[in-house]
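In the block that follows, a single chain appears as structure tokens, in the form predicted alone.
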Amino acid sequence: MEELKKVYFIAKKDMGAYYLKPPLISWGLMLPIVFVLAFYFRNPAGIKEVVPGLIGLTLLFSCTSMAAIVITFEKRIGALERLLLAPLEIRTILFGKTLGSSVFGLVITIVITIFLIPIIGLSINYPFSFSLIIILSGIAFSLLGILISVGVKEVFEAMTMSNFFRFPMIFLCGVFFPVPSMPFPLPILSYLLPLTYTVDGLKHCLLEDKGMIPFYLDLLILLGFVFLLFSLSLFIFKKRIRQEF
């Protein structure tokens, strides 16, 4: 319970300092709205097919927007050093950072979903499954951002690296094009990226089981990404601390 309290207060501090700011909130809300309008005006009849991908993109960009730079930024201003001097485990710091980023991403995604679903004329067929997929995906995407943040030294490097991962996912993860229809070897790359399993799981929940992978496998693979990304983040973070502090 003591560790959970520490995680909560780290997340609360990050929410107040970074996430609950008008520029970040507006960015999180405007990006998916722009995508929706662009595809709606292009093909109104086919907009339903891309809604799972748009929700997945919203979650990806919202969860990684600040997570990818938060640790690097706190190194620059000395806030990270104060955290490291506190009686906190390194994994507790990472858990707190991940929680703050995940909560922000999930809130933005839920707002967009509530706005989008009735307008497009869809419904969430399996609410519990939908909740599981976005929670696991949010944690995985936040940890992807944290991994980037602990792996670079400067904020501009973190921003560049996050876009290096995020923008290829838009085209490789089944957001707008079905993965099986892509030319070889692009499907292999798709299956190595977490957003693929998010979009597939959301298709199960929103498009009457049109996903290509069994839903339980989507969840298990996303859970595997969570453990892998956290382990890598923890390893690199400890290594960086020994080198820089």
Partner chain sequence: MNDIIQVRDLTKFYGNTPAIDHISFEVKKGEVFGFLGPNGAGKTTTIRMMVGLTQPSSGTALVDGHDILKEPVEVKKTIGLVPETSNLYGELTALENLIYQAEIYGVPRKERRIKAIQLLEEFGLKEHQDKSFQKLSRGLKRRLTIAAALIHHPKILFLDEPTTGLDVMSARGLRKLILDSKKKGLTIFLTTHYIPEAESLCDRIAIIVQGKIRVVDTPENIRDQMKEAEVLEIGLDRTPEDLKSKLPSVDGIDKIVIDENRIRFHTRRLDQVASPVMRFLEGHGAKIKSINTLSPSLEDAFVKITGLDSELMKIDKPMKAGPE
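Residue numbers count along the first chain shown, from 1. Just so it is clear, the structure is predicted and the values come from calculations on it, not from any experiment.
There is another form of this protein, the form predicted in complex with the partner chain, and it is not shown here; the text below is about that form.
Taking the partner from elsewhere, no residue among Glu49, Phe115 and Tyr126 has a non-hydrogen atom within 4.5 angstroms of the partner chain in the predicted complex. For the options Ala79, Leu132, Val103, Met159, the residue carrying a heavy atom within 4.5 angstroms of the partner chain in the predicted complex is Ala79. The single contact residue among Leu83, Val111, Val155, Leu122, judged by any heavy atom lying within 4.5 Å of the partner chain in the predicted complex, is Leu83. Among heavy atoms of Phe9, some come within 4.5 Å of the partner chain in the predicted complex. Heavy atoms of Ile221 never reach within 4.5 Å of the partner chain in the predicted complex, leaving it off the interface. For Ile170, no non-hydrogen atom is located within 4.5 Å of the partner chain in the predicted complex, even though that partner is not displayed. Though the partner is left out of this view, Ala17 does reach within 4.5 Å of the partner chain in the predicted complex, counting heavy atoms only. Of the candidate stretches 103-111, 138-146, 87-95, 161-169, only 87-95 has residues whose heavy atoms lie within 4.5 Å of the partner chain in the predicted complex.
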